[in-house]
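In the block that follows, a single chain appears as structure tokens, in the form predicted alone.
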């Protein structure tokens, strides 16, 4: 049975509930209802069960470490045990202790893992042990993996299959492919194997939720994903049904590197930066729980406290939590003066919900306090001030001095690298003397092995040295001797900015990404998407989406796309305009696919934009990212 037929079969069994799910909290009146993405979980679960049943009898299941959290969201241990999975093991690339006669491996298509499985099979052959082996690749198997099985002489001993687990719904409006390696593989290594995976994810969404009437995109990878998806749609069977979202926007991560490099200040982004949200959940340690144990918490719209503060600027969160605590106390106080009957009704209807809300409130207050302590210790305000200066292009010499101090005090290897990249991108590369000096200081502080990391950053355009002729080098060198004088330092910066054509500066001016300095910005009542960065910067990726949707295409944005190296497109999809118009909600739901990762700040900005425009954004991303994850993916520091 083909994948699309399987999807169609499962879909027909559950189609009665499509579209019935709305967000747990309606953020504004007349918000369009969101599709029911729990269908995608059911599709994935049913296909996995089908594949496990292909190996009848008791079996041990070995699971890739980075598949454990996503698998838990789809099929927990109880479901696996119901389908004759005896023991569960994490793939650790070392000899196994399983005594089972049937081994099943649920893995990502990685050559290293396939070689390990081949070694296990060959070791069993040498020992004269007979077992049955099944490899389930997810989201798909690659030819290279099958070649390894052939080369190792075990191709005939194992059966292989693929589990088309393309999309994991993390929340009502966030879908993830859970492929963090997509970013490095595609943008650094030039390995395009995941392009078809992203295309297949779009095909799955279209087959379950209806055709898209318009597709926009920018970036080389976005174009390839679009073409891959079109080919898949032409090959598969076409089914017409009412679309649940009409417009799709594909955007490459390398179109906007500035946004993920900025410190996040919305609550959900800060939690991710400091505690690492993994697969929609976070582990709060003893410093948050006020006990001696850690607690794992799901962060989504079902958490009534979190759903109200997730998109808020952190400065507003304490006030909200304080008010919430007072309201909760008032609700508890209602018990006083109740008669037996009223008390019985209170315990049956309200008490459980109040206790749950109280538990969540305590956790979020604890998390906020912990974040405040960490940020105060790091002198967060000074860090933000430096970032804002870099974004605005002011006091660059002071910023460089701050970065040098940061490196020399060895505050944080990743943070130092992040500031260097932010300086380079916003200034269109570093002056040669600055580049060499900062690079030398970094390598002295954090180790010479980071030379390869600098090569990776240079290749991606994240940290570059300006080439000769890009600046008024003679003038700069003459004035540079007096650089200790702040006014002269500013003059030096002025000469530098005159001399070079900075794409970020030009884009920032053209799209008004940086609000005019001096204007008061009330973070309690945000006026635009800049609130996600304290009013200092509107995410470039989100601004592009806003402009393209406003213009219904790229017309009038030729200069912007030229500065972003082109590769933009806008095409009319498969559904007829009359069909798309017949469902007004669909026209007000936009699917945005980030290829290479998306930050929680961007998701918050799009939620704000949707609220302003009376539409809803559904974010599909290859993985959730932030500055640490982005830069860690580019590290090459093995000695």
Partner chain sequence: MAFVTANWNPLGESFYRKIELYEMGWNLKDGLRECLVAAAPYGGPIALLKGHYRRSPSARPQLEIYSSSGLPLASFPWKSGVVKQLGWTVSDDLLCVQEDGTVLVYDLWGGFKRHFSMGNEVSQSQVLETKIFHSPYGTGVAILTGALRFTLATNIDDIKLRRLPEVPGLQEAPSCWAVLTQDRQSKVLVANGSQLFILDNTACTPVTPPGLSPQASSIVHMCVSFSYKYLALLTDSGHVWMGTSNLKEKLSEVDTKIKTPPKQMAWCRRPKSQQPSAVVMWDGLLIVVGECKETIQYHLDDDSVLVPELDGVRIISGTHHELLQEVPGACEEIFKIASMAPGALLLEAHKEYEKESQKADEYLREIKEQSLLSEAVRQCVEAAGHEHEPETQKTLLRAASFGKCFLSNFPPEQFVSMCRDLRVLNAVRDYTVGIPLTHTQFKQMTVQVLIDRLVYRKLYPLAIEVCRYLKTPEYQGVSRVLKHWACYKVQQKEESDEVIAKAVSVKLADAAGISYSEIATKAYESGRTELAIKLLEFEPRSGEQVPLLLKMKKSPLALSKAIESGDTDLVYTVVMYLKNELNRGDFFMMLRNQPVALSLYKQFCKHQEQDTLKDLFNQDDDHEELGNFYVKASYKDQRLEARVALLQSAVDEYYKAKNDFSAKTTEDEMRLLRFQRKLEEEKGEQLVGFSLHDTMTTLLSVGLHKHAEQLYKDFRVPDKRFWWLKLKALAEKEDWEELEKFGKTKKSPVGYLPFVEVCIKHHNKYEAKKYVSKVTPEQKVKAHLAVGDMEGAAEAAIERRNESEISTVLSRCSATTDHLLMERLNRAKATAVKK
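Just so it is clear, the model here is predicted, and its values are computed rather than measured. Positions refer to the first chain, counted from 1.
In what follows, reference is made to the form predicted in complex with the partner chain, a form of this protein that is not presented.
K.L.:
Identify which of 134, 141, 505, 131 has a heavy atom within 4.5 Å of the partner chain in the predicted bound form; exactly one of them does.
P.N.:
By the 4.5 Å heavy-atom cutoff, the listed residue in contact is 141.
K.L.:
Consider the chain as shown here, without its partner, and state which of 559, 101, 382, 92 has a heavy atom within 4.5 Å of the partner chain in the predicted bound form.
P.N.:
The residue from 559, 101, 382, 92 that makes the contact is 382.
K.L.:
From the candidate stretches 84 to 92, 418 to 426, 185 to 193, 252 to 260, select the single one in contact with the partner chain in the predicted bound form, where contact means a heavy atom within 4.5 Å.
P.N.:
Correct option: 185 to 193.
K.L.:
Flag residue 276 as yes or no: does it have a non-hydrogen atom within 4.5 angstroms of any non-hydrogen atom of the partner chain in the predicted bound form?
P.N.:
Answer no; every heavy atom of residue 276 is more than 4.5 Å from the partner chain in the predicted bound form.
K.L.:
Does any part of residue 125 reach within 4.5 Å of the partner chain in the predicted bound form? Heavy atoms only, please.
P.N.:
Looking in the predicted bound form, residue contacts with the partner chain do not include residue 125, since no heavy atom lies within 4.5 Å.
K.L.:
Residue 447: heavy atom within 4.5 Å of the partner chain in the predicted bound form?
P.N.:
Yes - in the predicted bound form, heavy atoms of residue 447 and the partner chain come within 4.5 Å of each other.
K.L.:
Taking 4.5 angstroms as the cut-off for heavy atoms, does residue 152 touch the partner chain in the predicted bound form?
P.N.:
Although the partner chain is absent here, residue 152 would touch it in the predicted bound form, with heavy atoms inside 4.5 Å.
K.L.:
For 395 to 411: residues with a non-hydrogen atom within 4.5 angstroms of the partner chain in the predicted bound form?
P.N.:
In sequence order, 401, 405, 407, 408, 409, 410 come within 4.5 Å of the partner.
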